[in-house]
Ligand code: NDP
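Next up: a single chain in structure tokens, the form predicted alone.
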Amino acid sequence: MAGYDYDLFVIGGGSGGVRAARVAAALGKRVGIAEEYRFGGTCVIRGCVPKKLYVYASQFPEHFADAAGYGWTVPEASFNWRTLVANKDREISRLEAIYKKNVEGAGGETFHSRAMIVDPHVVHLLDDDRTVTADQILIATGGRPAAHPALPGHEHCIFSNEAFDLKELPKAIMIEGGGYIAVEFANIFHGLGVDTTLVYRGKEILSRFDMDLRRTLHETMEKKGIRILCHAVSESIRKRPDGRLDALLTTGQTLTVDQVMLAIGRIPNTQNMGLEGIGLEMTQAGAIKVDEYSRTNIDNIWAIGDVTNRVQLTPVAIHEAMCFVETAFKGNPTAPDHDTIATAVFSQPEIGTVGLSEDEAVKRFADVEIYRASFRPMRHTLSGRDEKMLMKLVVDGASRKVLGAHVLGPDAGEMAQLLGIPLKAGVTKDDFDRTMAVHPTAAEELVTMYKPTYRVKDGQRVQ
């Protein structure tokens, strides 16, 4: 290792790459890390963090409206888009500086440069026109929004990256896609007063989530005023003389909007990195193939996070980074555990989920018990808001193990994090039943559903 410039060189300064660099440097390893844009990566700069800030901003109109039922008189409110963007930028810059400082504070060296691998142990830093050598190389370059070059007029569209920094808040927007990014931004823009239409090719939004959550969220979003068009895609986007856009759909409809946002998936950032030249194996979609320990087919090159297209979540990338350090530098081979991962969709209302959906459970277990509760949360009783909360437990009838827990409603994301702990530990429904409720809370429903709503035996529903 002494013959190389670095014991570890990391390409990509997002959450996973920075964690690996910082922890390895703290172990006394000589570490370098290159990031071509801004340290913090997708999550901090153009993903989770700014998105959650915008979610908060978009919730205030409902808070103002609900206040009247609790005796508050709220004067007419106004919103300034540019103020939100400026305040977001200030917070993101603060976090970016922290990410960079943490690596350097641990003893690592940071580079603002695009990096290419020219040999299994050699990295070329393009912006610095410099070549460095490393014993181990970790690729953590993440992903980016999938483009749609086949769509006529695609050059007029924006992606989630640009949505955070629009010069003006549009009066009307069309968002194409049905995943969590599309759904979250539909709720954000609607909450900020934008006429919002969600267009999705599938039969229901959020394809990987439990069907009860998907349907209920769909209905609630439409009640709020968000237009959702399923079984539809855009055929062309045309710019009008007045600067607005006409989106022609396969249904024959034409939507006239100020912005069209494409949220049709994400692809790994592996282009123009020299990976093909060194023989690194990749999937057809461009993701880097790795084994259970995040090692590629080249012994000293590893990859973690979205660039591997395993589970595209920030905490997963961080977990994979920690496992990588254990494996590569501590002599403790550790495979990332991708089973039973809690996640949230910051829609309005929120979704929090962990474990198997009902459909997934029915395919794998002969006897499945479903516990389901739909009710108006207490916070909406005085406000009069017509919005239901949904809680659902999916249980293996034979072992009584809780296979999945799903929540739709206020603070569902917070509940999902806490539910992830007992489900990861293999909790049973009996454990839920003997747990005392915290009253009055919405979450108490999770421990007071004593009888199954219905069962599914051998694929057939039984009341």
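Values in this document were obtained by computation on a predicted structure and should not be read as measured data. Note that residue numbering begins at 1 and tracks the sequence as displayed.
The discussion below concerns the form predicted together with this ligand, not included here.
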> Heavy atoms within 4.5 Å of this ligand in the predicted bound form: which of the stretches 340 to 348, 215 to 223, 244 to 252, 357 to 365 has them?
Replying inline: 340 to 348
> Of the residues 200, 99, 111, 371, which one places a heavy atom within 4.5 Å of this ligand in the predicted bound form?
Replying inline: 200
> Considering this ligand in the predicted bound form, which of 106, 172, 287, 313 comes within 4.5 Å of it through any heavy atom?
Replying inline: 313
> Should residue 190 be classed as touching this ligand in the predicted bound form when contacts are defined as heavy atoms within 4.5 Å?
Replying inline: no
> Taking 4.5 angstroms as the cut-off for heavy atoms, does residue 263 touch this ligand in the predicted bound form?
Replying inline: yes
> Does residue 210 reach this ligand in the predicted bound form, with heavy atoms at most 4.5 Å apart?
Replying inline: no
>> Please tell me whether any heavy atom belonging to residue 143 falls inside 4.5 Å of a heavy atom of this ligand, as the geometry stands in the predicted bound form.
In response: no
> Counting only heavy atoms, which residues in 372 to 404 are within 4.5 Å of this ligand in the predicted bound form?
Replying inline: none
